[in-house]
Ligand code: HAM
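A lone chain, given as structure tokens: the form predicted alone.
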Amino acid sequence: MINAPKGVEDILFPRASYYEEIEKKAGNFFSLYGYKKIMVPTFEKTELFLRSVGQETDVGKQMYTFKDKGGRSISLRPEGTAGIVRAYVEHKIYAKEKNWKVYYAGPMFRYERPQAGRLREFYQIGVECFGEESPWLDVEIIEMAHDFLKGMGLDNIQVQVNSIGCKKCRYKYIEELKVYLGKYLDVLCSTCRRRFRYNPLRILDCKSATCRAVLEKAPRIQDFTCSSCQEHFDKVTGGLCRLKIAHTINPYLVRGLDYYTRTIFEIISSYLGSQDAVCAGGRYDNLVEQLGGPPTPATGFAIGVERLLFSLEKAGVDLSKPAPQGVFMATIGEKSVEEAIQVASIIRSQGIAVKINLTNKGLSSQLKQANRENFSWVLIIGEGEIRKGKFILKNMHSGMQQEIETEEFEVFSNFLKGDASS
């Protein structure tokens, strides 16, 4: 027997339906803010990710990279933003739309140690917005992520925000941070000693008790941000207060990707342990230009679907309850099955889901099945109904039933469609 590789999993029913439901709800919610769906390739040229996430970052080192048959270096996407920025530049969206808002959903790939809520193939849902530098966009992005997670039933979330400044002020801070940390290299963990060489900011995010103790007296980036960056961040935190979104300014909050600037944020769940971020994002005002486009401000976030599902399950949110179905056709006798197939064709043509009973079960058993599978309506078709040309339509929620003629199905399907989607 051949088993699945380590770090990936088969997503079987009903869990697969949870992924679909989350994506559907996310798309509907994000559309309220003007976001449209985009689909980009699962793999890209390796150069794209090395120039965006950074070759020496943890993400850069965790990429699945291989040579294709043409000898080109290809990588499975480790995150969603780089591919969308590439599409923005390649299709010259900047020349067509001043503000471009998109959302995406799909698998990402990183070679890391598998654990709860963290796999080597994992799913993300995210949004990206290009062309707007206003701090109020940062506020709206955080609000959108916060309210979506709340709407999914995740009540125990906390919003953490920070500003890592722009290129100029961040450079000064990094130099001072390196001077300070250089005195403690011998006590830092091996990971942080490596980070010291390529991205000392990532040391701020270390969970090691020893490294945390060293960081207590480290310089803070708030003491180095320029007036423009500080004004931007003050408006972000002020906007969150105005919206009554509780948040904490975390001076140690950084992101594991090189492209971030100014506002960054995480939304954490207490159900996830040390790796507690269920959503993370921020502003990346230099990445479009870095990948060959014009200077373009941008911001976005990504939600880890596995982490969200894990948190919802721990919170006791019932994900197993099936969505309301359309019509269950209870058939009595062979002739009724033939009739049901024709009627089902009419109803399905109106966009209504139909399930036909093809067994010889009694009516009582069929009604129990329809109730168990959460069908909204049962259409009862027997030989007597066929002779009369009238069928019995039963509402499984109210118990009310009525007779309906064949000629009425096409018109009545409009009502069924509205009920089934409610």
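Note that this is a predicted model, so its numbers are computed, not measured. Quick note: we count residues from 1 along the sequence shown, nothing fancier.
Missing here is the form predicted in complex with the named molecule; even so, the following discussion is about that form.
Checking Ser75, Gln124, Thr225, Ser311 against the named molecule in the model of the complex, a heavy atom within 4.5 Å turns up for just one residue: Gln124. Here is the short version: of Asp147, Glu112, Glu339, Glu132, the single residue with a heavy atom within 4.5 Å of the named molecule in the model of the complex is Glu112.
A residue is said to contact a partner when one of its heavy atoms sits within 4.5 Å of a partner heavy atom; His232 fails this definition for the named molecule in the model of the complex, lying far away. At a distance threshold of 4.5 angstroms between non-hydrogen atoms, Cys169 is out of contact with the named molecule in the model of the complex. By the criterion of a heavy atom within 4.5 Å, Thr331 is excluded from the residues contacting the named molecule in the model of the complex. The named molecule in the model of the complex comes within 4.5 Å of a heavy atom belonging to Thr81. Shown alone, this chain has one stretch from 161-169, 203-211, 92-100, 295-303 that lies within 4.5 Å of the named molecule in the model of the complex by heavy atoms: 295-303. Judged against the named molecule in the model of the complex with a 4.5 angstroms heavy atom cut-off, the residues Tyr104, Leu119 and Tyr260 are in contact without exception. Within 4.5 angstroms of the named molecule in the model of the complex, the stretch 276-295 places a non-hydrogen atom from each of Ala277, Val278, Cys279, Ala280, Gly281, Gly282, Tyr284, taken in sequence order.
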